[in-house]
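Read on for two forms of one protein chain; each stands alone as structure tokens, with the labels structure 1 and structure 2.
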Structure 1
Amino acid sequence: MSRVIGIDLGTTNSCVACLDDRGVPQMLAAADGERTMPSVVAWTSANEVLVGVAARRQAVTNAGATVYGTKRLIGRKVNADDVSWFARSAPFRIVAAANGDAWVRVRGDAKSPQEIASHVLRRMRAVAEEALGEPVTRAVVTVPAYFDDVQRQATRDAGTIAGLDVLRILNEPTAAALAYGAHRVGDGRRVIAVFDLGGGTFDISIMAVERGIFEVLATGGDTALGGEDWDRRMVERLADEVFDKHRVDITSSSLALGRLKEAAEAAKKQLSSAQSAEMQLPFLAQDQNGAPINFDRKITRAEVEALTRDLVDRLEQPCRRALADAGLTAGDIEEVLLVGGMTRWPQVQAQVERIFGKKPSKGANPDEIVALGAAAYAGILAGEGEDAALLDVTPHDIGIRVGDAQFSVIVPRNSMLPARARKLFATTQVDQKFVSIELYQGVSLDVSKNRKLGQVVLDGLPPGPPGSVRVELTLTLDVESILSVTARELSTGKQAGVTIRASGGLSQREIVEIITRRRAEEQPRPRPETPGEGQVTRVKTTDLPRLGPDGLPEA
């Protein structure tokens, strides 16, 4: 059997790891030596697909067809609050698919986030195959603990499109805790916090670890807070300075702005270990007289700290809320693990220490920890590594619509998985023939603000006066947070005609279509000198799964 790889599919960056021959997780590097890759995919005017650094490098000149932050869209509806927020700032067009899912329009084609993410996953797979010198078909892919089952399923579909059998969707904080070896410390139950500040998002998870069992007790965070906010603050200040000095607005030039952003991020990284850094950008723009503006400025850590104090402050409230959700105080936390590149910033570390009252533990590379943990878990699944069981909780309340538009919770947030809950209903009309129950997931009491998961219809109810016929609804969530639902009429035991249809995501047919299209696109270009073959693209179809009448691939 081939090896199972662990992939950290990040909002900003992605990376891949695998167990080495001694059973130790190791990062896998691309041919250029890079161990992390920007999660960016671009389509050129020649319809060539660029992934990673190559895509990011040309982003400034091809902004409308360079897609980043796909993780914010995967498995989401276009009208979700944070999707609208992202759509307002993204230079590419986010559009609604027929089912309301958030897709991206690139060069006239609407593409699903699953398809876009699959390019990143496929690159990760290629990096692994090259580094290991063998084919790779199986992976563990990590997602934030708060991802709901539609987002998890969509991530799995991205893996399928990339030709990967995703053996498990693993929570990022669980992966990090595994990589830190948090389960090997002592015998008793320990409560830890995983503090993850990446490029675009902040996640805090409170976990209990006991004898190889990881239990996510509570999650929280801020999906609109990350290292890029620090970069943006620096850029705004520096652009203001250029304007004050030269009366030139460099933010109106995407090229100049792109260079300034890149330089700001590089300076920030230097400043996490030095007190000052030099920024030099020759020929950044032209002044009013057409003379070159050579940007040359020393910047200090203290300056950046002063500019971003409020960002650091915003880290506190989600931590307090997650602690409260877990029924704990900061004093109960034995260890705080740092994850995400932005936790290298000293002021962030100081804030963590202030909130939790103890110094956080730092891994060698906080941006690689999640992939290493995914590889460790991949090893467990492949029977190669150590044994550890994982226990997770539901990230959201799951319930139903009642009355006009209220949300009645059936499985509360943070219930341990697997979870099962039942609810009894009585009919409200004479000889009511059927009940229709809408399932939702979210945190709002107003059901319209939550995500609709699907609908359960039980028909053929026995006749009777209102209230005489009773229906029991059972919700079951498996260890991967995948929901199944049954409804049963109690007097007859009838349990028929119940289906739950996810109201989002790609169908099996759509997934197979993307794979087919992808393979067609990847056929070697016909050589123009071959007569008659200039316009012909041959598509190999023999090894594609066949679709049955229900739209599912046949075995």
Structure 2
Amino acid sequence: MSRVIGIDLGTTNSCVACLDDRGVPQMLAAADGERTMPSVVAWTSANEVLVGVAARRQAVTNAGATVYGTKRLIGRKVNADDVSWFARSAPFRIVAAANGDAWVRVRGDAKSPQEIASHVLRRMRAVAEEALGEPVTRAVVTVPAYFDDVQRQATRDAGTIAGLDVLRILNEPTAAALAYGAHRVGDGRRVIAVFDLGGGTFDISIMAVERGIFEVLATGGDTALGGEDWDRRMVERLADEVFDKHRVDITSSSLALGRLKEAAEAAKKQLSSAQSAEMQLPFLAQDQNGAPINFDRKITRAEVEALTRDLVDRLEQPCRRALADAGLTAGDIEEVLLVGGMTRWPQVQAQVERIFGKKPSKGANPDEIVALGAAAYAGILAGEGEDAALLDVTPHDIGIRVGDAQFSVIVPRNSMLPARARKLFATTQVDQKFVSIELYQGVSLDVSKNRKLGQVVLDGLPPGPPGSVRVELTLTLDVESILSVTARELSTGKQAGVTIRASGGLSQREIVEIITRRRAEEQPRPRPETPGEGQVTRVKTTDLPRLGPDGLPEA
């Protein structure tokens, strides 16, 4: 069978890895030698699809059809607060699908984040096939630990569209810990924290490692916090300065906004190791008199730190909550592992040290470590790598609607998978005929702010006064987070059940339609025929020789 690859599908960059012949995870490089690729997809005026460096290179002149940050949209509703913010600042249009999901309109066509992400995954697959010299169809794909079931399924759907059999959706912090070699610690139990701050998401996982067993004790995070937010703050400040000086709103120009964003991101990277950086953007825009606006400014790390202090502060609460959920204190953590490109920012590293009371480890490339861990786990699934057992948890509470809009938790967050929970209910009306139980996933006590998973209906209840009929609800979650629900009336034993497999927002029919359309678009176009190269000459039937009874042409 073909090899199993590990893919880190990132907000800003993506990369792919695989086990080598010695069973050691290795990054796979593209033909140009690059081991990470921008998670950017663009459509040209000729409807050609560009991915990675080629897409980012033309982003400034084709901003409206160059899509980045798809990971922030996948499996999300268009009216979510962070999606609404993204829609205001992105140079491309984010629109609502029929089911309320956030899609992107590109050159008149609405495209799902799954389809856009599939282009990145397909490029990662092509890189692997070129590097390995063989077809690749199976993969382990990583996601933030704090992704809910819908976001995970949407990522799996993107893999399907890319022609990949996604064997497992693996949490990024767990993959990073595996790649760090945290399971090679000898005897005894070791408690570590994996701090993962990437381009668009933040995760914190508290893990216990012992003799090749990775046990996630608690996880937390923020799927709307990442390096893109630092870039946005810088862009907003610089755009305000241009407006104050020239009375020109450059945010209304996708070309100027794209150039400013690109410069801000480059300056941020430089400021990770320097105290100041020069930003020079000639002919950024035109003033009200048509004269060119040349942007030339020195920006300091201290300025950016002041602009983003609240973003750094937001990193603390998920860490404190994860520690509390695990029943631990910061002093119980033996090592903090850094993952994600944004952990290079000195202010973030200082915050990590302040929260956990120790300097974090910097023993690996934070941009590549997740893909290496995914490859290591892919090897385990394929029986080619070292054995390691991963014991994961559910990142969000799972419960039911009670009353008008309240959320009652049945399976608490950070419950070890597989998990099972039971709860008894009593009827509230005389001769109540049925019960309808709606299931939700989330962290809010207001059920309307959580994700609805489905519902189970049990009818034909025996008659009786309020409270006389009791129904037992059983929730079971397997290691793939597939939820099975059973409602059983205790006196008669009658029951109803449902298995809830999270939908990523696309139906199976829509997925097949995308795949079929992509195949049709990729078929080679027939080139015009030239005389002497298979050209067909049309003739009249009267010009054709007649066949006689013996099948031979008549004279």
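Everything numeric here is computed off the predicted structure, so don't read it as measured data. Throughout, rigid core stands for the largest set of C-alpha atoms superposing within 1.5 Å between the two forms. The first residue in the sequence of structure 1 is number 1, and each one after it adds one.
Mark the structure, either 1 or 2, that is the form predicted together with adenosine monophosphate. Comparing the pair, one sees that structure 1 is the form predicted together with adenosine monophosphate and the remaining one is not.
Post core alignment: residue 334 C-alpha displaced by 2 Å or more between structures 1 and 2: No: residue 334 shifts by under 2 Å between structures 1 and 2.
For residue 403, is the CA shift between structures 1 and 2 at least 2 Å following rigid-core superposition? No, residue 403 moves less than 2 Å.
Is the shift of residue 118 between structures 1 and 2 large enough to count as movement, that is, does its C-alpha move by 2 Å or more after the core is superposed? Shift of 2 Å or more: no.
After superposing on the rigid core, what is the C-alpha displacement of residue 344 between structures 1 and 2, in Å? Comparing between structures 1 and 2 after core fitting, residue 344 shifts 2.9 Å at its C-alpha.
Superpose the two forms on the rigid core and tell me the Cα shift of residue 279 between structures 1 and 2 in angstrom. That residue's C-alpha sits 6.7 Å away in the other form.
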